[in-house]
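Only one chain is given next, in structure tokens, and it is the form predicted on its own.
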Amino acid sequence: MSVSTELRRLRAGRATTRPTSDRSAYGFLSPWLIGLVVITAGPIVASLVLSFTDYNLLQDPSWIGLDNFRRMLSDDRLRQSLWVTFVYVVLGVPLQLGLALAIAVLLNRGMRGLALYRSVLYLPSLLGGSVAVAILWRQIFGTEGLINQVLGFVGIEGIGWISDPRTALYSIIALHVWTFGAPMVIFLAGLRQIPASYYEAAVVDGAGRWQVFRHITLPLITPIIFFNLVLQIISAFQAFTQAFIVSGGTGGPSDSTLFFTLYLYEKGFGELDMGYAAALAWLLLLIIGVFTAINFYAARFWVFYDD
């Protein structure tokens, strides 16, 4: 058999088997593709369309163009919800990451029962977003809660931390900081990747603990810090359960815990103003996108990679 004949036979075989292989591949991918279209892409497109309509779930949506977005400009409660959310993100995320990094550094020194400590400290991240813990937190910071009982032992008169507009938001921020387990585990994994030779060389040169942390540990884990920062900012902007349970679903007192997501929920499912709620959802997406883009732009100035 000549070489040209063999090549023609191989090409014919590939032409025969390729469609079958393609069909098999799409068959295995079909559950994911269906989920992408039906569960993810479909609702996203539908919400975008609804953001330009007046829709109350009971009647057919009517097209109103940009009225929902113009309405945001004069919405005082929307501005309040944005302020509350920004304060929550700006205070809660750095405090949570700082605590997570500090605990990770302590655990990285090596100790007996490290796996147990790591599991116990990670537990709040699993439970922090649950309804049960939010209810517990409401009881702890209540007028007769644990915090005021402890203060009473030292002669300090407590206040209603949840019922006082000056402190209600900070009690929820404290709950967010308490759920430091997930970023802590990621920090710990990053710290374990730093070669011990770097620390040994620093000790030989006479560097102290703070100098070692400042000039070796911190620069080498900046990619991990950046990763945690982006994830936690996105998560903080979407916080809902804590504010809903602690405030009783009202965002009170005096809208001091009116998170953006809680306001969106009130508009969509409380007032059945689904068109406006969809527009608010896209505003939230835009805000998260802007913050993420800023982080990625700023990362070039403070994140250091091996290459």
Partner chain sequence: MKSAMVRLTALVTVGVLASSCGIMSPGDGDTTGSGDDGGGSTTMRVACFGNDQRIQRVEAAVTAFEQANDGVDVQLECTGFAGYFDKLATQFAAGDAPDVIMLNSQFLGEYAERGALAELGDSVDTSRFSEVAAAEGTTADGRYGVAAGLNTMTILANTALFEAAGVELPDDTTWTWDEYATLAATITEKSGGEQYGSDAPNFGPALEHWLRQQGKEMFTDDGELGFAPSDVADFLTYLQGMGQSGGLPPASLITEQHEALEQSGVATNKDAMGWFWSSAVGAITKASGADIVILRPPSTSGSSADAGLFFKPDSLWSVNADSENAEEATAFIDFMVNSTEAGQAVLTSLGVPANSDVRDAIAAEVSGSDKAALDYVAEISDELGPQRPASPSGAGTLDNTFFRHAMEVLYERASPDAAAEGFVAEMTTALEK
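In this text, rigid core is short for the largest set of C-alphas that superpose within 1.5 Å between two forms. Numbering follows the first chain given and starts at 1. What you see is a predicted model; the values in this text were computed from it and never measured.
Just so you know, the form predicted in complex with the partner chain exists too; it's not on screen, but the next bit is about it.
Of the listed positions (94, 152, 160, 219), a single one reaches within 4.5 angstroms of the partner chain by any non-hydrogen atom in the model of the complex, namely 160.
The partner chain is not shown here, but in the model of the complex it comes within 4.5 Å of a heavy atom of residue 28. In the model of the complex, none of the heavy atoms of residue 62 sits within 4.5 Å of a heavy atom of the partner chain.
The closest non-hydrogen atom of residue 55 lies within 4.5 Å of the partner chain in the model of the complex. Proximity of residue 142 to the partner chain in the model of the complex falls within the 4.5 Å heavy atom cutoff. Relative to the superposed rigid core, residue 32 undergoes a CA displacement of at least 2 Å between the shown form and the other one.
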